[in-house]
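Given as structure tokens, the chain that follows is alone and in the form predicted alone.
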């Protein structure tokens, strides 16, 4: 029988490489109720080609939701419904870049977004980031060097809120500075904002889109993390003129709006109050899992390892002692029954090989503590090995 899910479970391994939700947390009952309501209310109209921009009830609900979770609400003409964040990025690449254009990405960054960008013949350039987000001084140096070569950046991709992979959250001051640089240089800043709803200690800061000059930023949102990834539903907020260009694309002209039935269903989930309830439950569960992993790492990682528990999102970034390569460590870790993604996967070039990313979304707290124990032992054994000691 062919599989119906993307994830591959390997017996005996707690695989913290997968940034996937625990199936037990997904709101199947709420979606079942909403589906029945949508079919009763709209009948066959819910099943035909949808409006190019997306279902009106969903767009109106998104605007109202962002009025509470962001610094400003979009106007409905600023919103386009997409088939998830990945499709939104792909659509922006299709319509806003040309072969040979330069696109800047923060380093480290979300590795699968880089794969989408590399599906195009684009020149990708990395810019360093720190615990506060994109390094603005380094960005301006990169832009100046491009200008010396007679080139300019067309787009900049970043994840300011609960960053993937590091979990960091860009300060409001840095967000304003980044938006100002993008506007000054005429760069379309693509803000991946999919973790906004999953803030565990305090509300998420205003999006870069909400504080930027008009037209400088496109913000990508998604229901994959806040509701269920199988919906393949997201949205973007952009300047009205760019939004109009997107909905006039051949893709949306040919097939109508993306996932219209799913969009109407999610709008009903929101109207019924089930979205609020689901997000509250996810925040509580993921906060507990984040804390369990952090406690386990504090208890079991050997000296020289460093990490900071993230304020939201799915991921914990870990720095190993200098000289310990996370890629070389991985086979030993998997032999011990734990896996992760080496940090080198998240860099365009000059990776920090002593880093790794752990996802705490998939497993319950007790298994995350056990994963931390296994990882700590693997690191300790690997350090002893590279220092010339025999391990068991």
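This is a predicted model, so every value here is computed, not measured. Residue numbers count along the first chain shown, from 1.
Just so it is clear, the following notes concern the form predicted in complex with a further copy of the same chain, a form of the same protein that is not shown.
When you look in the predicted complex, the only residue of 105, 292, 187, 264 with a non-hydrogen atom within 4.5 Å of a further copy of the same chain is 264. Comment: a further copy of the same chain is not present in this chain, but in the predicted complex one of 69, 367, 344, 35 has a heavy atom within 4.5 Å of it, namely 35. Residue contact with a further copy of the same chain in the predicted complex: residue 87 places a heavy atom within 4.5 Å of it. Residue contact with a further copy of the same chain in the predicted complex: residue 199 places no heavy atom within 4.5 Å of it. Using a 4.5 angstroms threshold between heavy atoms, residue 40 counts as touching a further copy of the same chain in the predicted complex. Heavy atoms of residue 388 never reach within 4.5 Å of a further copy of the same chain in the predicted complex, leaving it off the interface.
Contact with a further copy of the same chain in the predicted complex, judged as any non-hydrogen atom within 4.5 angstroms, is confined among 271-279, 178-186, 94-102, 316-324 to 94-102.
Contact with a further copy of the same chain in the predicted complex, defined as a heavy atom within 4.5 Å, is made by none of 17, 167 and 205. Annotation for 221-236: interface residues with a further copy of the same chain in the predicted complex are 224, 225, 228, 229, 230, 231, 232 [heavy atom within 4.5 Å].
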